[in-house]
Structures are given as structure tokens and as C-alpha cells.
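This document opens with one chain alone, in C-alpha cells, the form predicted on its own.
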């Protein structure tokens, strides 16, 4: 295990290069280019503000902000899964031609999505300030831990699904449906308080539940996350990462043959 970490670290320049290429190529050929990184969340916010403030009035104060602060990290999580699933088969020429730790590919993908989310948080913070909702910088140290929890979860699932997709190509399409259902089963568009009491414990078996709740506590309620959410988020992140890493390690031996 230590050897593989050392090997991955020795390929850090390759990871950095792939992350930069992904960020530069995301909006390649568009007029606004990298500015879309900031424009996308702003346009989403404009739509949510119009829909939920004028057409569908929700019973939650500043619902568009309530939704927005959870949607940005959810989009990061969903992109780790859906994009991560194809990160191996999308680089099959590279996999077949040269040797490098195959873990480099899902790691580079997740890191590029992480940078995109961090840039989107700039928009989130500005919107919270301009809207009058405000921010509480004293709870931001908790944000680092929550981002780490979600990143561990994203790494684990990206490794798991990228390995499976090499052998079962339909997985890439199934994941589109799975992530859509997963979003509705996560407290992105509603509060945990709205979940029937008899289902709350089951609801918290969803690894994204404590993470989304923690993000909302920090940005929307401007308070420190509950200790229970912190512990659950960390436990889920570590477990999923270990499972994904082990499965990937078992299956990567035959990637070149299958591809």
C-alpha cells in the first residue's frame, strides 16, 4: 500500500498536467472560456431565484439560497461519479500505450472537479453577502473538513465506478439514473426536518446526507455542523474510499486487455 502511494506521488506532475488540461479544455472553443466556471452557478441561481421566489414559493426563508448552497457541492459529487466512470475508457489509448499508476486517472478527474467547486464557492460567498444573508467566517475551518469528507467519497466512488465501467460499459448510462435518484434521496432540495421521523435513521445511511447538512449549516445557517454529521461524514468517506481503492486495485490488472 505504501509503495503505491509513493508511486502515485512520483507521478504528481502527470496528475497536475491532466488537471490543467481538463480545466483548460472544459470550455475550449467557447467565447467566454473559463469565465463559464463562474457564470454557470450564477445562471443556475438566477433560475432558482425566479422559480422558487416567484412561481413556486417554498416555505423556507430565502429558499433559493437554501438550495444553492447545497446544489454546488452536489454538482461536484455528481460529476465525480458520472465523469469519473468514464475516466479510464476515455483514456484507453494512454492506458494501452504506456505504464503509469492507473489510479492517476480518477485522482486527476476528481481534483479538477474539486477546483471547479472551489471556484464556484466564490460565487456562493458573493451571493450570500450581496443578498444580505451574510457569512460567518468563524465556522469556515469546518468547511475544510467537510470538503475533505466529500472528496474522499468522490475519490472512492470514482475509482469504484471507473473500474466497473471498463468491464461493464452500460454502467456509465446507469449512473445517470442513479445520480438523479440519489439527488432526490439527499437533502439538496429539502430539509432533513421534512423527512418522516420513522425514516430519519434510514435517511442518514445515505453518505451524502451528513455532508449536505454540514455545508448548509456552514453557509446558510452560519453555524458549526453537528458533531454527529461530522463523524458520519468522515466514516462514510473513509469506508467508501477504502472499498473503491481495493476494488480498483483488483480490477486494474486487466484494464489494458479489456480495453
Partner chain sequence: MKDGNAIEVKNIKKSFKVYLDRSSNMKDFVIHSKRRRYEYRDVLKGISFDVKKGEAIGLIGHNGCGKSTTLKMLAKIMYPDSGSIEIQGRVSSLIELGAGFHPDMSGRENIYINASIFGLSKKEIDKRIDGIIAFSELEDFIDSPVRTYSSGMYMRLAFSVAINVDADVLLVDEILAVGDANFQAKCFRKLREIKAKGTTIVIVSHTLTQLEEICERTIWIDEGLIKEEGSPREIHRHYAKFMSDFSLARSADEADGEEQEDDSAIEQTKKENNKEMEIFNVQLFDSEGKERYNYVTGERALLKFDYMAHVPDRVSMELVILRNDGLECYETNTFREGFPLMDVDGKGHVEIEIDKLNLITGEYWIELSIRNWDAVPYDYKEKAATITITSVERERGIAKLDHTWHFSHKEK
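Residue numbers count along the first chain shown, from 1. These numbers were taken from a predicted model, which means no experiment stands behind them.
The protein also exists as the form predicted together with the partner chain; that form is not presented, and the subsequent description refers to it.
A heavy atom within 4.5 Å of the partner chain in the predicted complex is found for exactly one of 122, 94, 145, 129: 94. Within 4.5 Å of any heavy atom of the partner chain in the predicted complex lies no heavy atom of residue 181. The shortest heavy atom separation between residue 250 and the partner chain in the predicted complex exceeds 4.5 Å. Remark: residue 11 counts among the residues lining the partner chain in the predicted complex, judged by a heavy atom distance of 4.5 Å or less.
For residue 177, no non-hydrogen atom is located within 4.5 Å of the partner chain in the predicted complex, even though that partner is not displayed.
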